[in-house]
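For reference, the chain that follows is the form predicted alone, supplied as structure tokens.
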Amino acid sequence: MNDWIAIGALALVGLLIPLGMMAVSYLLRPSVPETSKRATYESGEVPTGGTRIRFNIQYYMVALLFLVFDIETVLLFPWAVVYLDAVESDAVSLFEILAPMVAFVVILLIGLAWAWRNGAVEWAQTTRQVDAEGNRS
């Protein structure tokens, strides 16, 4: 049997099982339309104010920077293990081993410098920074 047939069958089963579960749950679920179900919170609390809350963009920036540099470490650790084996084997030159990872780290450092310059890593401004911005305007 061809390997691609098995992969296609597995993909088909992987799609049909969740779609089948959603179809069965749609058919069997109770449908009781109530106005309280359209409320922002269905927990019995009467909502006050608007549902839109403005979050500081800094939370998202810190989260994105964390993800980028967390993924960097995930890529650096396996490379370090392969690097040791490649150096010992003498099959490839040192430049061929180091160049891709040095390029990767340089790109990350450029991104960090850009984020730093745009203030993405500054959580709060000091009074001196606030005064300096006020004097520029």
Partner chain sequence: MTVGIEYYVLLSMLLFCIGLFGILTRRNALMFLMSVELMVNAANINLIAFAFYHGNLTGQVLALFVMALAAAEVAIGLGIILVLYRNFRDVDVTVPTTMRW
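A quick note: this is a predicted structure, and the numbers were derived from the prediction, not measured. Positions refer to the first chain, counted from 1.
Quick note: we don't show the form predicted together with its partner chain, though the next part is all about it.
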Q: May I ask you to state whether Leu64 is within 4.5 Å of its partner chain in the model of the complex, using heavy atom distances?
A: yes
Q) Using 4.5 Å between non-hydrogen atoms, is Ala99 touching its partner chain in the model of the complex? A) no
Q.
in the model of the complex, is there a heavy atom of its partner chain that lies within 4.5 Å of any heavy atom of Val74, even though the partner is absent here?
A. yes
Q) Heavy atoms within 4.5 Å of its partner chain in the model of the complex: does Ile57 have any? A) yes
